[in-house]
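Before any questions on binding or motion, here is one chain by itself as structure tokens, the form predicted alone.
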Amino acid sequence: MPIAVVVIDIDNFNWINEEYGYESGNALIVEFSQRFVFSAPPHSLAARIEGNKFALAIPSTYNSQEIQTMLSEQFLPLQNFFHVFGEPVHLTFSAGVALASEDGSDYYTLLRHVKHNGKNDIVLYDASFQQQDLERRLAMSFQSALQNGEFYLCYQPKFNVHKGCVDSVEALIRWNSPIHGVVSPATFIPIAEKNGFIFDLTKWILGEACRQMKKWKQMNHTIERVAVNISAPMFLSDRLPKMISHILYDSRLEARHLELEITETVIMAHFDAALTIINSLKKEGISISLDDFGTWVSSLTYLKKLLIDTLKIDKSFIDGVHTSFEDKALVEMIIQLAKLFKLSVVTEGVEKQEQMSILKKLGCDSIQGYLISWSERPDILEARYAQKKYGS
């Protein structure tokens, strides 16, 4: 008799056990099993093979595409939320199919073929659903990741053109997760902002950066200032000035050694609130850098009102500064504008010597980019400083 064997794997189930405990994992398996039996097509045989693996034996003359269509409808109840400690959890899964007698004539042969080849034959969730589930799993991993030391900081140097050496760095957050692997900041920062974790994460970043800066000062290192990016939700919060004050006190670091980088888009979208917060931070002696400058044309009207110290020219203007007359003229205009307001200028994204030469001639104060250095861990930067002088 024609038969189809479908094997279903719950994706990344180890994460459930690690996040909630094995007892909760077992409870989810029970609930999944109940829905699985309820969702099974008529006249089929449903079974749990092992762990998070389930199987269906379906008397069928369908081909794999027809079975995929049928199962996509039958398994809709499995796409609803499960719950652990009252929290909604998505269980994503993958399904593979083998057909008798095309793929084998007995159950064990069919099962073996499904395990080897079937994973890509039937996928019941589309990419957008998987992305949502990934975001949820990342969000639920944040606190444990912070407690387990999975986050760490790298630092990208800024070369001071006038001094001929690196005198400041930008702190950049990294995440190496044993569950999710290396997670890009472009992925987890927006999720952290959306889920409110950005406050705890920013507090940790500021604390680590200030402790490292204090260490460099004790070593009489050439680095005089560390910059930390502050996201919109954190910057616009009343908690920021008080948090920074406590961190500086705990790390015994003078405020002049800390710089906060704020994106221009945040300031322009919430100008009055941003102006109040900047004034408060400046009173403490903290430096303020306006990041991605040039992305809002209207910002030129308000520049004189902001008590900032530095303009960072966006990489998009630097890419063509050595090949485009228009780009060069635009960068020159921004630098002259900054000098008018007695602001220092940092150009980011500098990758070629030709770019650096032109930027020096235009009056840029500091250079940041791969031409100077990649972002590195502190010990690597310290070893490199012992071997060479930047900009030589």
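Each residue number is its position in the shown sequence, starting from 1. Just so you know, these numbers come straight off a predicted model, no measurement behind them.
One more form of this protein, predicted in complex with a small molecule, exists but is not displayed; see below.
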Have a look at 226-234, 212-220, 276-284, 160-168 and name the one stretch with heavy atoms inside 4.5 Å of the small molecule in the model of the complex. 226-234
Could you spot which one of Gly207, Pro241, Gly320, Pro185 gets a heavy atom to within 4.5 Å of the small molecule in the model of the complex? Pro185
State the residue from Thr92, Thr310, Gln156, Ser251 whose non-hydrogen atoms include one within 4.5 Å of the small molecule in the model of the complex. Gln156
For the three residues Ile173, Glu261 and Asp291, which mark the spot I'm curious about, does each lie within 4.5 Å of the small molecule in the model of the complex through at least one heavy atom? yes
Looking in the model of the complex, any heavy atom of Ile189 within 4.5 Å of the small molecule? yes
